[in-house]
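Quick heads-up: it's one chain on its own, the form predicted alone, in structure tokens.
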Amino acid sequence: MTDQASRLRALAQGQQAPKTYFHGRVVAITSGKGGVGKTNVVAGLAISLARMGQRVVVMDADFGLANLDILLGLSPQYTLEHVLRGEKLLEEILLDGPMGIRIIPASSGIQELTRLDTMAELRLVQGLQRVAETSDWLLIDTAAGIHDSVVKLLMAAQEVILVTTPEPTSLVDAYAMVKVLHLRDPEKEVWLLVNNGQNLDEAEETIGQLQAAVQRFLGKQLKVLGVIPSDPHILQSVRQQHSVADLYPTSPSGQAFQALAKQIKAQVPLQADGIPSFWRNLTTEDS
């Protein structure tokens, strides 16, 4: 703790911190509305990447309804709030999840990441940099909706995965999210994932409807990841506080998550300066 305090004091006094680099990927997973299974998707993707030998850290950035730890049956003694207050190092609050994934638990009601004071920001950035040195992926589970703090996280991330379901309200809210991101940066790419698809025809119709609206009104194309099928194993897993990718990896949804992980790994490029770039983008977006 003394070591950390000395580093923070040095930074506050304008001294240079040692450079650290994250040769990995920063991916934010979001949704236009709640209730589409976004956190299930985050957990399933994280575990499937880990099963492929990838080192994964998941940051629960839903400060209103933090529930990733609950979904995985974990009970954090400390959360991000303790790090921001200087009571714990980030490494001390990490939770060990299935397949070796590591989770940064959030705490409902804490400050938004874009509203931190200087010292809290330094604590978080340094902690993320240290953790990232032994990680291949940082997955960010955002809150649902187009709140400004969520949009800033999405704009700062290397890649954005937008989760929707075939329901009309979910599609409308998904389009609203794409529109908001497009207005911030027309070049910002968005990956589309349909969750809880009843069959392939329904999933293709959902993708087609959203693509058509985005093409017509925004003049852009979404990058399509495919579909996570409706599967009773998902509900069974949730009731047992596990991810379906961990408990039932050979189920239809478990196999879909494995295919999703392979696709993401193949198509998302390595980023040589991921965490520092993410934070610079976030603070720039805030200014």
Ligand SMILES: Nc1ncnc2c1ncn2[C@@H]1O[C@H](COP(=O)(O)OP(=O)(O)OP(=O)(O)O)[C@@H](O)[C@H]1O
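So that there is no doubt, residue numbering starts at 1 and follows the sequence shown. Values in this document were obtained by computation on a predicted structure and should not be read as measured data.
Keep in mind the form predicted together with the ligand is missing from the figure; the text below concerns it.
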Would the ligand be touched by all three of D69, G73 and A245 in the predicted bound form, meaning a heavy atom each within 4.5 Å? no
Just one of 216 to 224, 48 to 56, 258 to 266, 33 to 41 has residues with a heavy atom within 4.5 Å of the ligand in the predicted bound form, so point it out. 33 to 41
Candidate from I93, A144, L124, L181 lying within 4.5 Å of the ligand in the predicted bound form - any heavy atom: A144
Could you confirm whether P229 comes within 4.5 Å of the ligand in the predicted bound form, counting heavy atoms only? yes
Does any part of V27 reach within 4.5 Å of the ligand in the predicted bound form? Heavy atoms only, please. no
Is there a heavy atom of A61 no more than 4.5 Å from a heavy atom of the ligand in the predicted bound form? no
Contact between N196 and the ligand in the predicted bound form at 4.5 Å, heavy atoms? yes
Residues within 4.5 Å of the ligand in the predicted bound form, restricted to 232 to 265 and counted by heavy atom: I234, L235, V238
